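Just one chain is shown here, as structure tokens, and it is the form predicted alone.
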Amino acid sequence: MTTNSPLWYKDAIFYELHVRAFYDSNADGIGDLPGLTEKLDYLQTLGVNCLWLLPIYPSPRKDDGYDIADYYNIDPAYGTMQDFENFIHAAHQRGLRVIMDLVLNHTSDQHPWFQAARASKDSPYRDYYVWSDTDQKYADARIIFLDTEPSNWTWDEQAGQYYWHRFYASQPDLNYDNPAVRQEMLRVADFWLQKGIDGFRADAVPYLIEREGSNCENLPETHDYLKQLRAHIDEGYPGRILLCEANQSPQDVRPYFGEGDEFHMGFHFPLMPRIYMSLQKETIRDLQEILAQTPPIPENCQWCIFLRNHDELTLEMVTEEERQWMWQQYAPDPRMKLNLGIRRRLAPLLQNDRARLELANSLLLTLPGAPIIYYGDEIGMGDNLLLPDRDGVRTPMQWDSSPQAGFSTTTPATPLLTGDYAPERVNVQDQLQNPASLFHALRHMLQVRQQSPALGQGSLHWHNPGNPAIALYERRHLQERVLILHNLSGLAQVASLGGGFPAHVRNLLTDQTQPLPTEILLQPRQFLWLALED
């Protein structure tokens, strides 16, 4: 597979990591860019090929870096601009691409723009934000952080007005009706693209523009600006990508691809809870339904799919009944809930059951879309419910069984995990040395997937196995056909294939040729990737 293809992202395997939580090189208890650079060989060994970094900009960290105080610098806790440039160079040398978070919607209230804006109505920065004499405007916009924010408006005593924010009150929204803001954010994109990054994951894009009488989401004017951003990047930086974070239904995300002229990629948020529903109900129905509702996207676009990430497992895109069911099944302890979601990692969600973990990853790697692996999930790390908000799923990477988990030579700023997921039980070093570990199972699956364009770019065709516990589908690309079987059940199940398949197939995961009977007995939670070769 050529890595220089302009469509490289369609076959990419992404790895999302928090620099703060990855590896501490200078013994201050906080992960940093030189530390991440030291661990690039590990990421190359795992078999991912694009890294997504959570925000590394200067920030008061009221929202773990998504509250940016300076778009043009590196937070000193993570290193220097030179450290960043060294990291990019070292990643590219290993064939690893890098994307960063581009937080378009809001800044920190500590940003000099906002400080200037609140200080004077005459400041040119006043119009960088959205102000009002009343908190009654845009009343149809929902409140996203229900657990913490009573309103999308907050009174600012110094400014003598209310300011608008879709997230925390410490994150005032930028005003995209101001041409200066639009230009400023193009300059921010230029700055980092000129440093050599391979694109951006654009944060919270549905909320850029506000209009009275609307819910202030997905507005045409928002799409106008995003198309302008895409055209700007295409013109100056061919081969770089934009990945859209829009937690919406697939029908509402579809416009963010435009006609192939807006985002290259978009997260498929609603697919993710349906994977958990299917695993728990042991039936394929929920998965099939959401994929049936997913509209086709332009040829040069790709979905991004994931099992977990740095936020809560969001349940915004399910019905109220489904949400209550998911909470009942996956968040029995009230501390596991956050906003409209679940703040747990992959391994605890699946009862640390090895067969379920592999089955979930097999679904991730064979359903349509480019997969994202969240750091630590490749070794089955756990979460810490005692930490506030989303910090429980952002704990330090566990490199070995030593007291500081090989993350640092001092006590980490964020506490390490204890109990079943403590470093002495779950760590990279032990799993690298054990060929039967989760790490090696996932690494092998990633290697196989990289060799199969059908799994990255292929179309999806469902087959009826005569058994709702079996997910039976085919991925096709050019002449390549791969038949995928998943037994979602904890019991052995029979899949009926019927006719139309070759008599012999190659099992991609064992590289063995085997006969293909018309009925296959699948062991509990077994999965097969079969190349249909004439």
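Numbers follow the displayed sequence, beginning with 1. Quantities reported herein were computed from a predicted structural model and do not represent experimental measurements.
What follows is about the form predicted together with beta-D-glucopyranose (BGC), which we do not show.
Checking Tyr128, Trp399, Tyr162, Phe145 against beta-D-glucopyranose (BGC) in the model of the complex, a heavy atom within 4.5 Å turns up for just one residue: Phe145. Between beta-D-glucopyranose (BGC) and the residues Arg97, Arg344, His106, Arg449, the one pair within 4.5 Å by heavy atoms in the model of the complex involves His106.
Exactly one of the stretches 291 to 299, 389 to 397, 435 to 443, 175 to 183 approaches beta-D-glucopyranose (BGC) in the model of the complex with heavy atoms within 4.5 Å, and it is 389 to 397. Heavy atoms of Tyr66 reach within 4.5 Å of beta-D-glucopyranose (BGC) in the model of the complex, making it an interface residue.
Of the heavy atoms in Phe407, none are within 4.5 Å of beta-D-glucopyranose (BGC) in the model of the complex. Although the partner is absent here, Glu245 lies within 4.5 Å of beta-D-glucopyranose (BGC) in the model of the complex, judged by heavy atoms. Contact check for Arg201: a non-hydrogen atom falls within 4.5 Å of beta-D-glucopyranose (BGC) in the model of the complex. Each of Phe167, Gln171 and His310 places at least one heavy atom within 4.5 Å of beta-D-glucopyranose (BGC) in the model of the complex.
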